[in-house]
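Here you'll find one protein chain in two forms, each presented separately as structure tokens under the names structure 1 and structure 2.
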Structure 1
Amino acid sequence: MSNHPDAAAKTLDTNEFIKGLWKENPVFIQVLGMCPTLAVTNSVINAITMGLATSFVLIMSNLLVSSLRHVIPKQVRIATYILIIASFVTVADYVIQAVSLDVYKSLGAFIALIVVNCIILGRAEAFASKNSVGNSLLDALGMGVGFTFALLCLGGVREIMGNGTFLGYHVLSAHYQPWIIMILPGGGFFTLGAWLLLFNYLRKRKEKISMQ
């Protein structure tokens, strides 16, 4: 019974939403979607835009995949998912261009690269193709929020340290010396590394406490 994909599909489970925020956070815990996580987080606005765009694609593709899950034959499912995802990414790409060309320019090709973000295909394959539309939506929302939150964590640290600003507003003293490395690629690696360290540390401590 429990093996069956649609077994628990009838009810909505808010855990599907919560898990993406922390326990199964796509960036900090699952370490997925590293490319956008590192590449576009040199400022908060980029991080948020990227987070939202990814969430949008994630939600829409999860919805569509989940609602079509009985229709799509197993053999062609991956191809179909990619098709769906690529379409939504194209949509997101145009919408961002229409909203702000500056943001679009600073994100560059990374909007289009959402297509190959493993989180999206991963959720479609691992969750949406086996669960109800409602739960898939919750899952996508959770993952999206978790992803955006992670990007914000990185973007926030990097923009504040690297530029002394948050969302473009000066939050530190006017004489603050920016750590330019933080908005360089190296800083991206180091910030993510530091966050992962923190999560590792917290997890280790929790394990230790629960063992006692």
Structure 2
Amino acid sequence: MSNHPDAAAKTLDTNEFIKGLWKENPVFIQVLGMCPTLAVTNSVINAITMGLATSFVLIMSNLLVSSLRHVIPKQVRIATYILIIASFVTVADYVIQAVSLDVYKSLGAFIALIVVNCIILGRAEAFASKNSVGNSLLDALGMGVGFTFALLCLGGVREIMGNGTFLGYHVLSAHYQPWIIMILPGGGFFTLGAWLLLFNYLRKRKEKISMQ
């Protein structure tokens, strides 16, 4: 067995991926990234696009920060992380603009605000800068999927109840009277509160069962 201090860090740990889905979900457990969570989840397509864009930036920045963790001086690490993140946000911004101008206009300034998303900077500082490239990739994938899942949960509920549609397709009766408030800012708070209540209940129930 190797006694090298980095030997354990080089071992891939699948728990780093799983934790982002449930145990440390960035939205439902850590309650991070609330600005895009509440602002862009008035439709499923907006939620998915923001989730994928954030995941892309998170994955690429984690990989680069982890790869350069022994090279970046500690004194300028935060500024370097922001520069790396901003570079990948610019790529995501241009890609979204090229693929769908309508979605790009719907998301507006929130694409650029990915730069200051505390999830991405937090993972770079707390995890990628201290762990191997492999584990940093798993961590970013888990957090990205968890974040996208959370946005999809909110976007699905808000679009169905606010428009009677899912991805633009009608899923409710033509007689359904849409709850307009669900696609307004207030609806984001109501929906988020309901999901947080559900996740906290499930987490407490799981802890109670494991103690028995």
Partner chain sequence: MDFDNLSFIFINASLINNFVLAYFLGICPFLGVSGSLATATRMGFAVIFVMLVSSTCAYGIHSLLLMLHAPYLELISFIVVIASAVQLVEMFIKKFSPALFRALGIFLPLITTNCAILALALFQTAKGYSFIECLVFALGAGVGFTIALVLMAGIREKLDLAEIPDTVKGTALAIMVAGILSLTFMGFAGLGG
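Take the two forms, find the largest set of C-alpha atoms that superpose within 1.5 Å, and that set is the rigid core. Along the sequence of structure 1, residues get numbers from 1 upward. Because the structure is predicted, anything quoted here is derived from the model rather than measured.
The chain appears twice here, and it is structure 2 that represents the form predicted on its own. Once both forms are overlaid on the rigid core, the distance between the two CA positions of Lys23 between structures 1 and 2 is under 2 angstroms. Once the two forms are overlaid on the core, Arg205 shows a Cα shift of 3.0 Å between structures 1 and 2.
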